[in-house]
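Here you get one chain, nothing else, as structure tokens; it is the form predicted alone.
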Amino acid sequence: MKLPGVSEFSWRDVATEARLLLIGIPVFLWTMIPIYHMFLFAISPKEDAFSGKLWPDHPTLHNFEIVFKQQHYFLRDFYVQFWNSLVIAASVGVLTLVIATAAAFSISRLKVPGGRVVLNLALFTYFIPAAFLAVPMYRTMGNYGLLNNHWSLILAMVTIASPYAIWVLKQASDKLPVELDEAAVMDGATTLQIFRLVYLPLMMPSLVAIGTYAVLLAWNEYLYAFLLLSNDREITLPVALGNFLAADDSPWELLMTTGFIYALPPAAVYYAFRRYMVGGLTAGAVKS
């Protein structure tokens, strides 16, 4: 006899949840163990950094003090390099959004001639690994005199991020009812007003997701930053972290401390916009 309000017990549901746990727990541990060890290095004195213990005998925040006060040779430009990373990541996010939003609106809503060709060409660029384009990009930036200039890295990252951004926003735009545009036109709205008052508000979740994607892509970039920037006061922090490995006695505890600090902003950005990320990035996965 089935009691009111009590769902019927199902072994299939139990098996499904068990499979999810069997997959989720290893993935969670695989993700968190490196972060835990990074934090472990950050709070360990230099002599205890490689002790192999699960928790240091004498945990300390002295490493954070050294980083924030720039009390090591490799950290003398910490704030400048952190600012470089911030400026470049923000610029890439803004430019990628401007380019991708305009392109998606033109292709999806205005039906500009050749729009489909442009979209396919943009998607075709993903058949070429980004690492293969590093040397041609270096030569191109050199020809235009942009080497060791932040604009070289910004333009390179926008080039890499834009095709995917255009594709996702175009597919998400296709899901918006065309009747909204027709109603706005009947009310006397111009194309710019439709874009600003109708299109952008409805596309906001996808725009936030794509902006976050572009920012994090630029924030974590190493190869292009290493090739295109060389001056210590122009490089980004990921490149500066690589300098730690050049020493015979690398200060691993300071390397991990700096890396842990550098990982906090992306975590904060993702946490702030997490409700947009899945829905925004998958909005164009299936065309309705």
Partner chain sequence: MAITLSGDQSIPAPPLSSRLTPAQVWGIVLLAPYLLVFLAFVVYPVCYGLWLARAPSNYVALYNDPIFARAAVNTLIFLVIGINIKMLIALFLSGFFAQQRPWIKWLSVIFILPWAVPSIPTILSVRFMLNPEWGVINHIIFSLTGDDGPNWLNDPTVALSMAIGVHIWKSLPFWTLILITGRLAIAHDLFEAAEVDGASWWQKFRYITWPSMQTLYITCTLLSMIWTLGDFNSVYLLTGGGPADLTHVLSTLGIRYLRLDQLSLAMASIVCAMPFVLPLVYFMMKRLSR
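Think of the rigid core as the biggest set of C-alphas that the two forms share within 1.5 Å after superposition. Predicted, not measured: the structure shown is a model, and the values here were computed from it. Positions refer to the first chain, counted from 1.
Here the subject shifts to the form predicted in complex with its partner chain, a form of this protein not shown in this document.
With its partner chain omitted here, the record of contacts in the predicted bound form names 124 to 132 of 202 to 210, 81 to 89, 172 to 180, 124 to 132, defined by a heavy atom within 4.5 Å. Although the partner is absent here, residue 37 is a contact residue: one of its heavy atoms lies within 4.5 angstroms of its partner chain in the predicted bound form. Although the partner is absent here, residue 186 is not a contact residue: none of its heavy atoms lies within 4.5 angstroms of its partner chain in the predicted bound form. With a 4.5 Å cutoff on heavy atoms, residue 226 counts as touching its partner chain in the predicted bound form. Using a 4.5 Å cutoff between non-hydrogen atoms, residue 56 does not count as a contact of its partner chain in the predicted bound form. Between its partner chain and the residues 168, 141, 215, 75, the one pair within 4.5 Å by heavy atoms in the predicted bound form involves 141.
Proximity to its partner chain in the predicted bound form, defined as a heavy atom within 4.5 Å, holds among 51, 70, 231, 60 only for 51.
Taking a 4.5 Å heavy atom cutoff to its partner chain in the predicted bound form, the contacting residues in 11 to 32 are 16, 17, 20, 21, 23, 24, 27, 28, 30, 31, 32. The two forms, fitted on the rigid core, differ between the shown form and the other one by less than 2 Å at the CA of residue 231. Positional change of residue 30 between the shown form and the other one reaches 2 Å or more at the C-alpha, relative to the superposed core.
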